[in-house]
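Take a look at this one chain, the form predicted on its own, written out in C-alpha cells.
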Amino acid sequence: MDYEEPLFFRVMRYAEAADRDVVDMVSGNPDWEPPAALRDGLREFADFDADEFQYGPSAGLTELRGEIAERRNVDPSQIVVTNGAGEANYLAMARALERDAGDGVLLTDPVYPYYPGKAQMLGGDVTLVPVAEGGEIDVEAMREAATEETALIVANTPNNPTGVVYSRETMEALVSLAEEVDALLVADEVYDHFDYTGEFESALTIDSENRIVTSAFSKSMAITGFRVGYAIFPESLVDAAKTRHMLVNVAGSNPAQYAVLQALRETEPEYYEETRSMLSDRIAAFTDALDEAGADYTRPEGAFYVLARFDGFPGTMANVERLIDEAGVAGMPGEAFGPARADWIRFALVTPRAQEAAKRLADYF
C-alpha cells in the first residue's frame, strides 16, 4: 500500500462538488456537543495572565499529565501529551523503528490508512495481515508473518474500520508476540469511550516493556480540532519520545490542554453514556436499513463505523462517487483500508442525518 494523498480528501472534495444534497459519512468528525466544562475552561484561560500564554512544559501541562496518570494508573513521567492521537502514534511508531530491532511493521487488513503512511514515512517495511472473517485479529496469521526483523505491531481497539473490540486474550497474545521478536506493540485506544460490549480492557493492564498505549480526547469529547492526545510509554522508552516531540513541536497548545483538563475533572459519566446511547440508536437504525437493502455489514462492537457490502456494487472509488451522485450518500471506499475489504464501503455514523442516509441507501439498493 503506497502512501499518497489520503482518499478521505478526494471523497470529501467530490461530495462537496456534487450538484445535489449529500449526507457526509466520510470522516470521523463527531457532530455532538463537547462537554460544557470544556467551553468553560477555554473562557477561564482567556482571562489568565499573559505569562500563561507562553510555552508550557514540552511533555504537556503538569496537571493534565497528572490527571491522565491517575486515571490510567501510570506514572506521569511515562506520559507525553501530543498533537492528537496522530502524533502519539507517530512517536510510538518512531520509537519502535529507531531501536535497531529491524524495520518490519505488522498491520491489520483492513487498516486505518494513516498507519501504513506513517510507517512508510519512518522507513518501515509494511506487511498487512488480513483479520479473521468477523474482524478479530488473526493472531496465528500475525505470528506467521512476524520475523526477527519485525520491529512494530499496531492494534487499534475499538477498531476503525471494523468496529471490533479486541479481546484481552488477543491483546495478551500480541504483547507476547512483540516480546518474542523484540518488537513494540502500539495499542491505539482512541475509541475507548465507545465500547458497546462492556468488555473493552486497556492494554495498560498488560504489563510489558514492549507495549505502548496511545489515545486522545478528539473523539470522546468531540474536539477533533483541539489536537490533544497522549502516548504512554514504558519508562525505558519515554525519554527518546519526549525528545522527538520537543524537536518536532516544542510544546502543545496551553489553552486546549487546560480546557481538556477542566473537562476531565468536571464532566460526569452521563455525558459519555448519553453519547454511546445516541450512537447505539444510530447503529440500530442504520443496520436495519442495510438489512432492507440486502447488504452484508459489520455491526460495531465499538467506535462508530459500519462496513457494508452491497451485492454487485464493490467499494471502489468509482462506485463511491456513483453513490454520491445517485443516492446522495458519501462513504469511504473499502480499498482505502487495504485489499481484504476492498469490496466494502465504510460509513461514519457521526451525523444527525445517519437515519436519513440509511433510508437513501435502502431505497437505492
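The numbering used is simple: start at 1 and walk along the sequence shown. Remember, predicted model here, so these are calculated numbers, not experimental data.
Same protein, other form: the form predicted in complex with another copy of the chain, not shown, and the subject of what follows.
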- Using a 4.5 Å heavy atom cut-off, are Y55, L247 and P255 all in contact with another copy of the chain in the model of the complex? yes
- Query: another copy of the chain isn't shown here, but in the model of the complex, which of 85-93, 169-177, 194-202, 148-156 has heavy atoms within 4.5 Å of it?
  - Reply: 85-93
- Note on the structure: Checked D296, E33, D325, E63 for heavy atoms within 4.5 Å of another copy of the chain in the model of the complex; positive is E33
- Message: Within 4.5 Å, heavy atoms only: does G134 come near another copy of the chain in the model of the complex?
- Response: no
- Any chance A284 has a heavy atom within 4.5 Å of another copy of the chain in the model of the complex? no
- Item | 4.5 Å heavy atom contact, F45 to another copy of the chain in the model of the complex | yes
- Task: Spell out, yes or no, whether the shortest heavy atom distance between G117 and another copy of the chain in the model of the complex is within 4.5 Å.
- Result: yes
- Message: Within 4.5 Å of another copy of the chain in the model of the complex, counting any non-hydrogen atom, which residues from 209-227 show up?
- Response: K219, A222, I223, T224, G225, F226, R227
